[in-house]
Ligand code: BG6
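Only one chain is included here, represented as structure tokens and corresponding to the form predicted on its own.
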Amino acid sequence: MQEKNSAFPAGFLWGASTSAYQCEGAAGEDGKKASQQDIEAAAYAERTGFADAQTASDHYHRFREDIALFKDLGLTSYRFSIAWSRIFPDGTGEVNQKGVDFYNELIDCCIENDLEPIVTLYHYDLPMALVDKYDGWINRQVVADFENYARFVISGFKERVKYWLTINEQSIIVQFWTRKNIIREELQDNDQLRFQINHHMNMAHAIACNLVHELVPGGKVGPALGYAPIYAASSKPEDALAALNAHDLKNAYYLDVYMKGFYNKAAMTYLEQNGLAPVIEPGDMELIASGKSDYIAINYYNSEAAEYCPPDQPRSFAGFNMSGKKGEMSGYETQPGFYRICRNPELETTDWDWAIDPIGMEYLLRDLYSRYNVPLMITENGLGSVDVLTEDHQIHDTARIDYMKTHLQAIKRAVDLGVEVIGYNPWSAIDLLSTSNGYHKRYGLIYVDRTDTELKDLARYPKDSYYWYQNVIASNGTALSD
């Protein structure tokens, strides 16, 4: 548990992250058509009063200003996503050159400012045209359309982008499938479709891996998985088994496919026994096995605990906290006869009921490196909070600094024990649209002056965490021991 007073490895990527629909805005400008997240965010805003994605943080018009701030911060990488419907407004067919031009300019600006661009091909925002046409990821046709999109994007940016991420957080998409997808109401009770969507995404992931290896000189590609290590809720053997079951279904079910080319056996058996398993057609698994990931990117916010669940309990998937008041989590996942996720009484939580567990960062890095023996990259990690802009434009986010410091110290402990970690890209570079909590819940190192109901001037103000992280980067991590 002791940190060594030493620097992070040479060439370590010190970065930060965003996603297209959460920060770009310009949702209907310059030829772009709606994504399913544009439509979902608008409907959610109507129900809740949170912001929609039409303007978001206006990164589309202000990316040069933002990247200048990233440069001053000392970042050496910037993880962002490409909006499929900005490139192919209808999902397929005619290319929108203005969208291509935007990403060319964004990538060039990164390189001019010594930022390694880390590009995510898909971050929830499927073109709405494909949802209207054939129900999006539910339909196998999406795999071919994704291949067309991915081939175009990878071919276009291959000389300037080394690091690629395929699909963001498939495990989270399964858990929150009606928030991360537009699903017709008559299909929403069919939980098997959650895992069918995931199977199609696994095929798309493999295709993207193969395209990067085919097209990009020296290219590296991997998944970006939302990951929570799972502990037993007690020392009871049945809780230990529940934690193993939960790990198999919530974590290994995704990672084994990425890294081994096949589904975790215990998890798939449980899905088959409960009528939840995806339909797998001839050739699917051969395609999936062909896609080799060079590294694993992890989005880590919290750990979870699991306890025994009797087989007569009703099935449920993860809930969430809309209010930012502790204790108002809408529910926890229950898989009858397999496991039930529960609150870990040993850990403090954020105001949104997510366990704060920096030791979990070290745990997962060591565990995953032992299991899969490939480099790891952190592509999301951060603290959502209600940040207050003072009259003199200061934001004193001490809790975020504490969160980042303890998690970076945990990364360093894992590195000191031999784990190969190639970068840290916290969520988020700037304040952006939270899928569940709008601008009420902020993650950014840089404050964006707007609220859910008022755009204001969208001015940028570095937070105290920005200046703290700046010092950490300048020291290549040695300042963490101060």
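Residue indices: 1-based, along the sequence shown. Note that the coordinates shown come from a computational prediction; the quantities given were computed from them, not determined experimentally.
Note that the form predicted together with the named molecule isn't included here; everything after this is about it.
- With the partner omitted here, the stretch from 84-92, 334-342, 294-302, 199-207 that lies within 4.5 Å of the named molecule by heavy atoms in the model of the complex is 294-302.
- The named molecule is not drawn, but in the model of the complex it has a heavy atom within 4.5 Å of residue 354.
- Interface residue remark: residue 36 is not counted as part of the site for the named molecule in the model of the complex, having no heavy atom within 4.5 Å.
- Remark: residue 168 counts among the residues lining the named molecule in the model of the complex, judged by a heavy atom distance of 4.5 Å or less.
- In the model of the complex, no heavy atom of residue 103 sits within 4.5 Å of the named molecule.
- Between the options 63, 427, 447, 439, the residue in contact with the named molecule in the model of the complex by a heavy atom within 4.5 angstroms is 427.
- For the residues 362, 145, 380, 248, the 4.5 Å heavy atom test against the named molecule in the model of the complex is passed only by 380.
- Heavy atoms closer than or equal to 4.5 Å to the named molecule in the model of the complex belong, across 108-144, to the residues 123, 124, ordered by sequence position.
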